[in-house]
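To begin, one chain is listed below as structure tokens, in the form predicted alone.
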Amino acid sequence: MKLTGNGTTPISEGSLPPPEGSKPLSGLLGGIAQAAYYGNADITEELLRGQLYPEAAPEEFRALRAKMGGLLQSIASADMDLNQLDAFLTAQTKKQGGITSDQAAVIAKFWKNHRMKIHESLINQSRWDNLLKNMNWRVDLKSQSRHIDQINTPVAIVEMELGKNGQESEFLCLEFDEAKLSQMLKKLSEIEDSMTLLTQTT
């Protein structure tokens, strides 16, 4: 895989121009974003160093990557607007062992172009609950049971597809007899009533 100048879009092997000026740092920021926020496991440290900083020693590149990753994380976590970003980067240029003004300019340009997409990715990552993507159901006659009187009684089989966008789904299969189904429907009705009441009062 090859990275473009901004590091966000793979291009064909051999079509990447030699890094110069701000391109290596822009590509590095893009690679960090791909790995940290967009779930691209193909973007490795070796790939980034080989394409963007081939002359750098591994330790030197690792330190640069860690520094830029930390700065980007701070900016993204706070979802900085332009004024906050300018103040933050200015402070970083004045810190001992901080960044140069040229590096600050590259970071500012990158954030202006990618703020919205990174913010949306962080929101998706922060969701603790899975989404219900799909649900299927059927009614069967129970053919086996520890209790004879339950054989040939109808049961509802409900299969739910759960997951987050861009991630592999999980499947949950539930079985309800008539009594359990009635309890479930009652609870769902109570939830619906509560949501309706809340909607009417806002």
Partner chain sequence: MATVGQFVDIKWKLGVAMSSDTCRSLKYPYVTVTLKVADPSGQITDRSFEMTIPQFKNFFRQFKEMAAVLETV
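Under this definition, the rigid core comprises the largest set of C-alpha atoms superposing within 1.5 Å between the forms. Numbering follows the first chain given and starts at 1. Quantities reported herein were computed from a predicted structural model and do not represent experimental measurements.
Just so you know, the form predicted in complex with its partner chain exists too; it's not on screen, but the next bit is about it.
Shown here without its partner, the chain carries Y53, L71 and L82, none of which come within 4.5 Å of its partner chain in the predicted complex through any heavy atom. Interface membership of A76, defined by any non-hydrogen atom within 4.5 Å of its partner chain in the predicted complex, is confirmed.
Although the partner is absent from this view, A41 stays clear of its partner chain in the predicted complex, with no non-hydrogen atom inside 4.5 angstroms. Among heavy atoms of D177, some come within 4.5 Å of its partner chain in the predicted complex. For the chain shown alone, P154 is a contact residue for its partner chain in the predicted complex, at least one non-hydrogen atom being within 4.5 angstroms. Segments offered: 155 to 163, 26 to 34, 61 to 69, 42 to 50. Contacting its partner chain in the predicted complex at heavy atom distances within 4.5 Å is 155 to 163.
Only one of the listed residues (M116, A105, L122, A87) places a non-hydrogen atom within 4.5 angstroms of its partner chain in the predicted complex, and that residue is L122.
Contact residues in stretch 180 to 198 (any heavy atom within 4.5 Å of its partner chain, taken in the predicted complex) are K180, L181, Q183, M184, L185, K187, L188, S189, E190, I191, E192, S194, M195, L198.
For F176, the Cα coordinates differ by 2 angstroms or more between this form and the one not shown after the core has been superposed.
After superposition on the rigid core, displacement of the C-alpha of W137 between this form and the one not shown amounts to 2 Å or more. With a change of no less than 3 Å, the CA-CA distance between M195 and E120 is smaller in the predicted complex than in the form shown.
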